[in-house]
Every structure is written in structure tokens, then in C-alpha cells.
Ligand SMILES: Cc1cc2nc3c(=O)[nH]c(=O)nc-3n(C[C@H](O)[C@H](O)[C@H](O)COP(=O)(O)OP(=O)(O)OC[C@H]3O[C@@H](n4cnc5c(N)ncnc54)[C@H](O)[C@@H]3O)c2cc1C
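The data below hold one chain only, encoded as C-alpha cells and taken in the form predicted alone.
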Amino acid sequence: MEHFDILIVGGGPAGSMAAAAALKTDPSLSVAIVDPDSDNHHRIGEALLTGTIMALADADLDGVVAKAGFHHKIGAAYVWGETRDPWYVNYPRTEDDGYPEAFKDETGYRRSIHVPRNVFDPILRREVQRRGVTIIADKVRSVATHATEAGTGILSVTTDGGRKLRAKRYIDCSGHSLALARHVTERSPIGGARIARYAYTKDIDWSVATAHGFDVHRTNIVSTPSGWIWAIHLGEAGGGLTSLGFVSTPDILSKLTLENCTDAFPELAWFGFGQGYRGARTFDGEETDRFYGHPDYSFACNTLHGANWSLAGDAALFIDPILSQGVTLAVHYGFMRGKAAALELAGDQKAQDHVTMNYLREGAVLRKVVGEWYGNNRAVSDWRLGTVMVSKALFGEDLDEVAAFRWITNLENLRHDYIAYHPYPDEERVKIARALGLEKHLVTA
């Protein structure tokens, strides 16, 4: 039996951030990550937000990521609303605000990045390993649980390679596999079933795309009657590939092929695709004759932490990819879970309660914002106005509708997890939250 203070299952962004936070909080802790993936592995979740960059800075990981030379991102372009004209989310110019200087341009505008995940994830994992985290290249095969006064706890885990591991605290960052979570809680679906199909290509005609209002330095999102399309250029670090895919219901995407995708999504013509998917490739640039698939993904676990365990990233909840928020939630709450686990070991038994409270509140906010995308209302101004109300009701921020939409959708509002007060008057916050149907998630001073 091998013993650790904190055992993290999953070596993606959430797991690496949890490990970094634990060691930053208490460098004397023994921390291990169990993850079977090699570096040569891909995932969607390639368009990172400014909230991601801020979370990386919390863990002192922004510098190593900046040196990797990932493709910079200036914002997003959306085709959604009453017209087919794109509208934009642009990152602002800021000074002396704590945003990492390495992620600003020469005039002070904030930048985020588009990343090939087979490059990005290992950078984080290798860095926390350099800091002293033990990496166990294996897969969890079984989990032993036991009853405690605080509910079901995790006793130990056994890997495929036969290693038996025990820890004082466990953090599940294993994504949709729920390696630990499925033994201690249940998950429930959120909204209707939606799935994804995608591939990579070098054959987008960006002159055509630019003429339609899109940009290699933006996350490009196009709503369609069948669902929606994303186009995310990965730049030189991604081998010149663009991640191009579709989200819709299973009945539509189960029939989608490289040949007929332009029938279901004729808007691909805006990217220079006349008939079929041009130049389909795998994540590492090899030609392919099929799409990657991602199963139904919107769900939340019924309990986000327990006796000696907690959940982060997709192992906790995932709402929808439309606003590219999955990785930001993973890195932020991975960091918060790792910090809370270290604080628990130091005697603070309420640390995980605070993280879960904010996690659930953020889930409610995102369900509201994402719900507007899939709703019948197609007024962009109404969608943005909703974020103004949420910003005031839950976070005490008095922002105009453009700033509020960017602030909420880029998850910069997560900074409020670090403070214990909310300056906006409680009675006003309750009133607005009730109007939005969010009052049960409202946290008052």
C-alpha cells in the first residue's frame, strides 16, 4: 500500500491545478496524480478564456504556458440572433489589474489562447511533476469505500497495474469517466441530449471566412437550424490545424458524415466548404475518413464533495461547450479543490463547503446564460441584459451589457470565490435573483 496526503485521479487541467494548489498551500504535502494518458492524446476544449489565464496565474502556471507560444485569441465571433450578421466579444485593454502581462498585447489588450490539448495538458502535468507531484501512469481499476459519520468515504484505490493507493484526501478530476465519483454519488442530466462530431482541417479558406466576419484569432461560433458549428484555429503550436465541429441532437449527428455535413450545415460555405468536409484530419494531422465523436455531455453530480473526497472539472459538472467554459471551470475549481484539501488537512473542515457553494452557484449562472442560447428568444440585447442582472444580483458588479456579457461568459466572475463579502445590497440581490429564478443559489452576506 502506498500512502499520500492527497491523491488526485485525472491528469488534465483540473488535476494539475489541484496538485499545484495543494503544494502552493502547503509545500510539505505528498501529492500524487493517477493518469494513464500519454502526451499523444487529444481532447476538445481548445478555446481558452481569460478566466482560464487568471486561474493559471493563481497557480503560478501562466509563465510556463506563455512560453509555449500558443495561438493568441482576441475574443469570439457569434452568429446568433435576429440576423445572420456576426457579433463579437472583444477582450478589453487593462492596466495594473493583475492580468498576466505575458497575455497582453503591446497596447495592453488582454489575450487568451487556442491550444491543442495534447500539447497544453502535458505542459501543466510536467510542471507540477517538477514541483514534486508524483505522477502514476496508470488507470484506476477499483475503489474501496467505507461508511463514516460524514457519509461514504473512500478508503483506497487500486490501479490496473496492481498498485494500491491510500490517501487522506481524494480529488476526482477524471472527467466523464467519474472514476471516483460513481462510487460515492450519482449524476443527473441537464437539459436535452446534445452530442458533438468534429475533425481537424487545414483547408478552411480563411479569406472567405474573413469576408463573412470570422477570424483566426477568434473562437468562431455559428448557430444553425440543425445546431451550431465551431471553428477554432490552433496556430503553429497546433500544426496549422483548425478544430471544426458540430453540436446537435443525437438523431441529427448520428447520421452525419464527412460527405453529407454540408447538407445538414450549409453554413460551412462561409468557411469555403462547398460539398462535404474538406481535408479532414486527426488531431495530429493525419488524413481521416471519419469524425471524432463526443457523447451527451450535460450533467451534474448530485453531491460535489463528501467525507474525504471532492470533485472538480467534468467529474463534477459540465453544462455546455457553447461558451468554451469547460476548461475554465476545470482549472479554477481544480485549483480551489486542491487548496481546500490542503486546508482541510490543516484543520479547516469547512473549506470544501465554500468551494461547493460557489460551484453550485456558478452552475446556476451558466445554466441561465446557456439556456438563452437554446431558448426561443433570439434577441442579443436580451441575452446580454440577462448577464447584467446576474452580475448585479449575485456578484455586486455594476456593468454595462457588453462588459457584463464578457465578464460572465469568460468566467472572470469566478474571482468572487476568493472574497467573503458581496457589496451589492442583499435585498436588491435577492429581488433580482428571484426575477431570474436564481434565488435558491443566492449567497448573501
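When you see a residue number, it is the position in the sequence shown, counting from 1. This structure is a prediction, so every number in the text was calculated from the model and none was measured.
There is also a form predicted together with the named molecule; it is not shown, and the following applies to it.
Q: May I ask whether 21, 153 and 336 all come within 4.5 angstroms of the named molecule in the model of the complex, judged by heavy atoms?
A: No: none of 21, 153 and 336 comes within 4.5 Å of the named molecule in the model of the complex.
Q: Could you spot which one of 318, 78, 265, 271 gets a heavy atom to within 4.5 Å of the named molecule in the model of the complex?
A: Of the candidates 318, 78, 265, 271, 318 is the one lying within 4.5 Å of the named molecule in the model of the complex.
Q: Tell me, which of 249, 145, 94, 177 has a heavy atom within 4.5 angstroms of the named molecule in the model of the complex?
A: Spelling it out, the residue with a heavy atom inside the cut-off is 177.
Q: Out of the stretches listed (86-94, 300-308, 169-177, 341-349), which one is close to the named molecule in the model of the complex, meaning heavy atoms within 4.5 Å?
A: Only one stretch qualifies here: 169-177.
Q: Determine whether any heavy atom of residue 44 comes within 4.5 Å of a heavy atom of the named molecule in the model of the complex, and answer yes or no.
A: Flag for residue 44 set to yes.
Q: If you check in the model of the complex, is residue 327 within 4.5 Å of the named molecule, heavy atoms only?
A: Output for residue 327 is yes: heavy atoms within 4.5 Å of the named molecule.
Q: Does the named molecule get within 4.5 angstroms of any non-hydrogen atom of residue 37 in the model of the complex?
A: So residue 37 counts as contacting the named molecule.
Q: Can you check whether residue 196 is within 4.5 Å of the named molecule in the model of the complex, heavy atom basis?
A: Heavy-atom contact with the named molecule at 4.5 Å: present for residue 196.
Q: Does anything in 275-297 come within 4.5 Å of the named molecule in the model of the complex by heavy atoms, and if so which residues, in order?
A: Contacts from 275-297: just 294.
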